[in-house]
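Here's a solo chain for you in structure tokens, the form predicted alone.
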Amino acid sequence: MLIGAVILVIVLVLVFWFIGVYNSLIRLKKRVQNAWAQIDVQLKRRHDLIPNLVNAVKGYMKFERETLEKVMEARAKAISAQGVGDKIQAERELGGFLGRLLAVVENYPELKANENVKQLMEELTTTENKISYARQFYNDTATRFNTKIEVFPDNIVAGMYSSKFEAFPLFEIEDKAEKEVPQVDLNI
């Protein structure tokens, strides 16, 4: 009888442990999904600003049609991307083309002086900063989740429900040029 009670206690402890681990994995997964939703909100704002900026600069930048077209193509690709991994890749591409557009705008003083363009550039810069913070939060949350599903003993529970607990991709810098430390020369 004592052995039966001990076995019952051990089984109950294991069941409660299992339930606790499962629920903590679900909570963390929901946090990652929420973090992604926050990025998605900012990306939507960015996608809405881009056509306005392109239309505002179109007349000034007759020689830069290719840049404008690439920005709009990348925007369309980013909007239609499905799944977190595809969206991350499409947004990286769009970010690169946006960076080129902003660099080109810097070469047109009359364009920089245009109030509409100035306001759109400020809004886009603010949105880019918000996206950056949201990506950082997403990466932190996704890393926490990804670590939890790989660490023993939680990986046992995650492995039992492997289709439910898959690792989330991270926003990472893939361009080697962006990873390099900038060289600053203050010699005059």
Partner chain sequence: MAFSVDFYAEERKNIRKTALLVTLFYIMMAAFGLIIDFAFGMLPIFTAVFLSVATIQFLVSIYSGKKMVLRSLKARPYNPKNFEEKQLKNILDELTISAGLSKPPELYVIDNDEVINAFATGFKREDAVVCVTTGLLKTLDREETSGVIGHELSHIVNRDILIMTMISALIGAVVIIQIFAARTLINYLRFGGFARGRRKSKKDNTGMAILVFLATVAGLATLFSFLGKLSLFAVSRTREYFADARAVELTRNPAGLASALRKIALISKKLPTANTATAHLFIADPLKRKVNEKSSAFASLFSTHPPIYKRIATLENRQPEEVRKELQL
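Numbering follows the first chain given and starts at 1. No experiment lies behind these values; they were computed from the predicted model shown.
Omitted here: the form predicted in complex with the partner chain. The next part is about that form.
Proximity of 73, 80 and 107 to the partner chain in the model of the complex is absent: no residue of the three has a non-hydrogen atom within 4.5 angstroms.
Site annotation in the model of the complex: the residue of 162, 147, 125, 55 reaching within 4.5 Å of the partner chain with a heavy atom is 125. Contact check for residue 38: a non-hydrogen atom falls within 4.5 Å of the partner chain in the model of the complex.
Contact annotation for residue 118: at least one heavy atom lies within 4.5 Å of the partner chain in the model of the complex. In the model of the complex, at least one heavy atom of residue 31 sits within 4.5 Å of a heavy atom of the partner chain. Contact check for residue 64: every heavy atom lies farther than 4.5 Å from the partner chain in the model of the complex. Only one of 137 to 145, 152 to 160, 64 to 72, 47 to 55 lies within 4.5 Å of the partner chain in the model of the complex by heavy atoms, and it is 137 to 145.
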